[in-house]
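Take a look at this one chain, the form predicted on its own, written out in structure tokens.
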């Protein structure tokens, strides 16, 4: 009887490892073994055909002297900073927008999430067409410039009417928020009516402008020019816009789950104390979402540093120096178009990328802490 109990206890202890065996096998073979091989190849001269020759740290010195590696490092860091910040802010904004209890909100949640589940190859091909010289984006920019004056007038009228309505209610000693929903709707309606009838009767008219002809891909120009060496290539900026649009919805879901987990009592206490929406966002939402923000930024940093597929698919549409990243630099050294593979250089660059990713994530963890939410 004692033997059966011991055997049963041993089986219970081994059960998790048996269930994890396929995953551990895959991890060891395709990641552990591959990592060891990359470390070894980074110290050798290897071209996939001849036996590896040990050369020590020469590959690491060579990549530091390589101009393409310097451009790839700069592009990767620029891409990481801008995209991670933008997609984090956009994801939080979308989550706040979609956390409202209104009819049809599930449709908008699904619509915003569609770019994240669509094939990256298909999306990239559509994106290439979108950024053509006579594509959709240049058309939208041209249209915006035509109606820029009308848009500015509409916004000024909206701010004026909203301010007057709020001021009038406060003058009557009535508690009212700056963003009172009923006032927002009324201000929008009046502003739109004024601009619409102004255009209808000929008092207002859109500007006549030349069609915008921005070259998004086949150019080496940088933007913004006043930043000098800190400016980034325009083709890389186009990829940034595309990447932000496709990755923000995934992080939006994380923020949405975090928002729905915030205790309702905190909002009720803030309402009793007369807190404005801005105060609720600053002192309740943001502190409570700190663990989600830590996860989103960490995933964003890792993903942006390893960005490869959009650059690879874009191919010859843009100059290589304008869009090359560290991940694409590694790929280009292993699979060059008309030269012998430089596996040693690629492996050294891969090790540099791994160490850089670890260092940046570690620094981010030290700055933001462990991600625990603040107590309110």
Partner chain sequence: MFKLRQRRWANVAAIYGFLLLFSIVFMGPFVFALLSSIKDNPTEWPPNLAVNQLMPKNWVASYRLARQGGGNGFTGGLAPNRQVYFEVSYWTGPNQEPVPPEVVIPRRVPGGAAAALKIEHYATDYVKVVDLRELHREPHDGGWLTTYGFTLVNTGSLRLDPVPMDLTVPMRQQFVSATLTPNRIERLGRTQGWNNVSAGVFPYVFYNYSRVFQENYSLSTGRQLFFLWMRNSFLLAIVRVLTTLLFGSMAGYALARLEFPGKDSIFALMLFSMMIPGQVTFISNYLVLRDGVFGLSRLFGVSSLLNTYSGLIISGLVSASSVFIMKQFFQRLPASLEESARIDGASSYTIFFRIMLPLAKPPLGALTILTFQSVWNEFFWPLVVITSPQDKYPLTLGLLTLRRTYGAAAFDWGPILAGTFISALPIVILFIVFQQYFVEGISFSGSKS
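Bear in mind the structure is a predicted one, so any value in this text is a computation, not a measurement. Residue numbers count along the first chain shown, from 1. Rigid core here is just the name for the largest C-alpha set that superposes within 1.5 Å across the two forms.
Keep in mind that the form predicted together with its partner chain is missing from the display, and what follows is about it.
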item: Check all three, 88, 192 and 269, heavy atom within 4.5 Å of its partner chain in the model of the complex; value: no
item: Interface residue in the model of the complex among 125, 215, 204, 159, criterion: non-hydrogen atom within 4.5 angstroms of its partner chain; value: 125
item: is_contact(residue 64, its partner chain) in the model of the complex, heavy atom dist at most 4.5 Å; value: no
item: Contact flag, residue 59 vs its partner chain in the model of the complex, heavy atom cut 4.5 Å; value: no
item: Proximity of residue 181 to its partner chain in the model of the complex, heavy atoms at 4.5 Å; value: yes
item: 4.5 Å heavy atom contact, residue 109 and its partner chain in the model of the complex; value: yes
item: One stretch from 70-78, 301-309, 280-288, 225-233 that, in the model of the complex, holds residues within 4.5 Å of its partner chain by heavy atom; value: 301-309
item: In the model of the complex, residues of 211-228 near its partner chain [heavy atom within 4.5 Å]; value: 211
item: Residue 20: Cα shift of 2 Å or greater between this form and the one not shown (core-aligned); value: yes
item: Core superposition between this form and the one not shown, C-alpha change of residue 188 at least 2 Å; value: yes
item: Post core alignment: residue 168 C-alpha displaced by 2 Å or more between this form and the one not shown; value: yes
